[in-house]
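Here's a solo chain for you in structure tokens, the form predicted on its own.
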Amino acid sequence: MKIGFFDSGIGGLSLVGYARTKLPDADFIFYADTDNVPYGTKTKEEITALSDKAASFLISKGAEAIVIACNTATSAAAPYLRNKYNIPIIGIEPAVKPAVKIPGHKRILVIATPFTVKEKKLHDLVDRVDIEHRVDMLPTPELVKFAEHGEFESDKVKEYLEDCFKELDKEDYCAVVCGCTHFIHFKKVFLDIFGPNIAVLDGGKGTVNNLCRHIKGEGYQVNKEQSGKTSYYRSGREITDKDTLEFYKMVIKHAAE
């Protein structure tokens, strides 16, 4: 089986890495729309058009299911894509539901792109599950740019995040929810700023588990004796150079740490 993943950039690679552990025999096609990263500062119409282009490309390469490995694209385009294409389209959402289940009354910080923070989808999710009104939302747009350059734990990253969080009382928080697939790469910095007891959550594993339920419900049987292959594309151009492939492998490994 061929499964397509797309994101504005490298963030979605964290889902590819986890999916490989769950579906070792599947073939994956990963589309990073690096010509147009970031998505989070674009309009809904622009994001939908770019997402449609990515989905169409993945289907042309034989994808039988697609994972929107991008919170911003899910918010903007998932209903449109599901209506247009007759294959499973699996979106991602910030892990707010598991966060609000953390015992106690401390607050929960959801960080995301500017588009995701202002979009109705996230607000509807919070309104639905945040019974005790513990959730705060904050845009952190520069993190995508840092991630795209593989800059995850530098002094510049820490200075940027400390500035973003300067108005917060860090001791009031029990969890940071990553509302963008790029953001899990900054887990160590979140722990430095908020302390070692902060929970850092994202929706990647839940999304992959949802993918598995969908395809197994349609009769797909995992064959653990076979190994699938993964092909990578940048806005439709196949990645073949060794340096970029090694960078992508590093990103997948970093997300799993």
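Throughout, we count residues from 1 along the sequence that is shown. The structure presented is a predicted model; accordingly, all values stated were derived computationally and were not measured.
Not on display, but discussed next: the form predicted together with ligand DGL.
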TODO: Answer yes if any heavy atom of residue 58 is within 4.5 Å of a heavy atom of ligand DGL in the model of the complex; otherwise answer no.
DONE: no
Open item on the list: Although the partner isn't part of this model, could you tell me whether residue 37 comes within 4.5 Å of ligand DGL in the model of the complex, counting any heavy atom of the residue?
Closed with: yes
TODO: Flag residue 144 as yes or no: does it have a non-hydrogen atom within 4.5 angstroms of any non-hydrogen atom of ligand DGL in the model of the complex?
DONE: yes
Task: ligand DGL contact in the model of the complex: residue 180, any heavy atom under 4.5 Å - done: yes
Open item on the list: Given the stretches 69 to 77, 101 to 109, 131 to 139, 163 to 171, which is the single one in contact with ligand DGL in the model of the complex, using a heavy atom cutoff of 4.5 Å?
Closed with: 69 to 77
Task: Stretch 1 to 18 - residues with a heavy atom within 4.5 Å of ligand DGL in the model of the complex - done: 7, 8
